[in-house]
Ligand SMILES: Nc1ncnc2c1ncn2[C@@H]1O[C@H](COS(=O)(=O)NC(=O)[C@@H](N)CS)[C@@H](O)[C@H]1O
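Below you'll find only one chain, the form predicted on its own, shown as C-alpha cells.
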C-alpha cells in the first residue's frame, strides 16, 4: 500500500505549478531545500540532464567560438562605467564589502552578467582588424537579487548554468548578422530538445540595458505563460566606447568595434521538463536522457537465461553507444516501471521467458506507451530507430500544441480572453505609449515583433486605432 501511495504522489500536470515543483524533487532533478532563497542543488541525475543539454550548446558553439572563463568578481569602478547598463541591474547586484574582517578598498560585485568583467580584457586583446571577429563564450554561475517569487530553474538568485557568448566585430552590420546567427543556433539547439520556440524582436523598453536592440526566443509553458529561454543583443559600439575597445582598420585608422552578446540559462531545462512531461513524470528526448534505455528482466522461471540475455542486450547496446542500464533489483516490475517512467527513460526493454522463446524483446515507448516485440538479433538498430521516431514525435506534438495556442486577436477584449490560454498575435502601431497601455489593459506584456514577419497586411492598433502592418506577440510571462 505504501508503495502504491508513493507511485500516486505526483499531482496531475493540469495543476502545473504543483506538478512542476513535485517533479523536480521526485525525479531527482533539483533539491529546493538549500537554506538560501533562490539557490538550489542539482541532484546527480538532474546534473546529468544538464550535462547532456549543455553538451549540445557546446557542440554548436565550438564550431566557431572558443570557450573561456572570466572571474566572478567585478570591481565597482569597472561595473559602474556603463550607466544605462548599470541602471538595468543596480537593484539586483550582490556586493562583497569585506575580505575576512577587513573592509575592501573597492567593492566587488558578484556578476549579474559579465559584460563589465569581460570588456576591460577585450580592450587589451583587440588591436587590429586581423583580431576580428572575436567570439568567446563561457558557462558560469551568475547572481541576481530577485525580489519576485523565485522558482527552481526559472527565476533564481543564483543562476548556475548561464551560457553567455560575447563577440566583437568590425562593423554594425557584421554584428547584426551575428545576432541572426545566434538566433539560428538557439533555434537548432531547441529543435534538438524538441522544444519549439518563437523568436521576436523586443520592444525598446524591454531590450537589454545598453543594447541597440534585443531579439529573444520564448517557449510556451503548459499553464499558458511564456518563458524567455534565450536572448541575443546587438550592443552597437556602446560598450566599445565605454571600455575603449578599438581596432586598427585596413587604412590604419583607430575604429570602435561593434559587439554582441547572447545567453541561455537553465530555463532551457525548465522548458524541456515542462513541455514534454506528463502525469507519470519526465519524458526525455533520447539525445539528452541520462539513461536512454532500461532493461527490465521479467523473472518467473529460467531466471539465469533471462538475466544472461539481458546482459547480452546491454553489452550490444553499449557497443552501439546507447546509455543503458539493467534494473535487476528485487522490486516488482510495476515498481520498476514507475521509477523509470518518472525519470523519463525513452525506451523500456522487457525480456522474459516467453520473449526468449521467440528470441525477442519487448520495446515500450515512454512518450506513447506503445509496445512492440522486436528480434534480439537486431536490437541495436531497433532501439536507435525508435530514438529517431521518439524525437520526431515529441517535436511534432510540441509544435502542434504551440500552433494551436497562438491566436490572432484584433481587439482588447479578444486579447484579454486569449492570453489566459496562450499567445495573442496582435496589431500594434509601434508607439511605446500604446504598448505600455496594452500591457496594463490586458494583464499581459508585448513579447516582441516576430522575426519572420513579412510586414504585409493592413491592421489597426487596438489601443489608438492607427493603421499598422506590425503584429506582435502578447502573452503572460514568467
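Residue numbers count along the first chain shown, from 1. Just so we're clear, the structure is a prediction, and the values are computed from it rather than from any experiment.
Another form exists, predicted in complex with the ligand; not displayed. Remarks below refer to it.
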property	result
Exercise: residue 234 in contact with the ligand in the predicted bound form, heavy atom 4.5 Å	no
Heavy atom of residue 155 within 4.5 Å of the ligand in the predicted bound form	yes
Contact flag, residue 258 vs the ligand in the predicted bound form, heavy atom cut 4.5 Å	no
The ligand contact in the predicted bound form: residue 111, any heavy atom under 4.5 Å	no
One residue of 162, 189, 340, 247 in contact with the ligand, assessed in the predicted bound form (non-hydrogen atom, 4.5 angstroms)	162
Partner-contacting position among 243, 137, 79, 208 - heavy atom within 4.5 Å of the ligand in the predicted bound form	208
Interface stretch in the predicted bound form with the ligand - options 71-79, 403-411, 285-293, 142-150, non-hydrogen atom within 4.5 Å	142-150
Residues of 218-248 having any heavy atom within 4.5 Å of the ligand in the predicted bound form, listed in sequence order	228, 229, 230, 231, 233
